[in-house]
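Shown below, as structure tokens, is a lone chain in the form predicted on its own; questions about how it binds or moves come after it.
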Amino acid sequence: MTSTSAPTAPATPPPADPRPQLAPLVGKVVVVKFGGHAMVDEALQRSFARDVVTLLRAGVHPVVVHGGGPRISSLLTRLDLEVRFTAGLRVTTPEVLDVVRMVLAGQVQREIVGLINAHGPLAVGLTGEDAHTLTAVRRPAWVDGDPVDIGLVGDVVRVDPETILALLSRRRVPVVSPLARGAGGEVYNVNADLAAAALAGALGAERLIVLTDVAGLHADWPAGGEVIERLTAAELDALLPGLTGGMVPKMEGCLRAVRAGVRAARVIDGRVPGALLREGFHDRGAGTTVFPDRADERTQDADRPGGPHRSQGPAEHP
């Protein structure tokens, strides 16, 4: 486990040619969770869309999973509905779920699709409900080792990747809202970090990139201090019980992703323009990167000869 000093404020390094760092990812799937302040800043939204298009045109297969927490909270407040979080997860009543669906699928997703499609007919929006892409069961939050009911919040238990793979084969960018269906047809609000992790594992993604409002995981979380640069899955597992707030699902998602076969999961500061290309694909640098334990990685290679993690991604549509 190694650390770097946390910057006092996001800095914007000079532009660099992204092609050399993207070369090993050509033909591979990269899942990007888009969230935090970047989602409410128009300049950062446009920068993110350009980065996604650059990935696509470089031969990478990007999949975007978006959040929308600030927008949801704002509308709930306007409607005089309670805004409440427990262990970093939104308490979701049926009334809150209606707002979540409206904001995620009806507003945020459409805006992201529109920004990407300003560069051409490239992005397609969907939710985890569509084609049963994400199936979930109701989950509690855990506080001091005890389960706490938080309503219609789901934990993904099954991913059907066929619709997303079909879009990737046509060189499209899926933009996924983190909603899921239950086995009985009920709908669940799924934390976007955890939805992105589930998709990354099911798609055999090479990387999971989480854009957020902090520089990475601080060694003395939540007090601050140095940013941990690299973690193994086992090291992160040991740290998770001491985390609080929104960092819990982010790091839980990273852990789940690498244990599902993703080669690396990285948390970076989305407040920096161009962060996805500048920091998302370096093994060292700003942010926190989680790697599989070496024994896990060897097991994945043995279990998946020629499988998705070593493949060249979805077959191209003729």
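Numbers follow the displayed sequence, beginning with 1. All values reported here derive from a predicted model rather than from experimental measurement.
Here the subject shifts to the form predicted in complex with a small molecule, a form of this protein not shown in this document.
- Annotated contacts: 29, 51 and 61 are all free of the small molecule in the predicted complex [non-hydrogen atom within 4.5 angstroms].
- Of the candidates 203, 112, 236, 217, 217 is the one whose heavy atoms come within 4.5 Å of the small molecule in the predicted complex; the others do not.
- Heavy atoms of residue 36 reach within 4.5 Å of the small molecule in the predicted complex, making it an interface residue.
- Using a 4.5 angstroms limit between non-hydrogen atoms, residue 212 touches the small molecule in the predicted complex.
- Interface residue remark: residue 174 is not counted as part of the site for the small molecule in the predicted complex, having no heavy atom within 4.5 Å.
- At the 4.5 Å threshold, heavy atoms of residue 247 reach the small molecule in the predicted complex.
- Of the stretches 141-149, 239-247, 113-121, 166-174, only 239-247 has residues with a heavy atom within 4.5 Å of the small molecule in the predicted complex.
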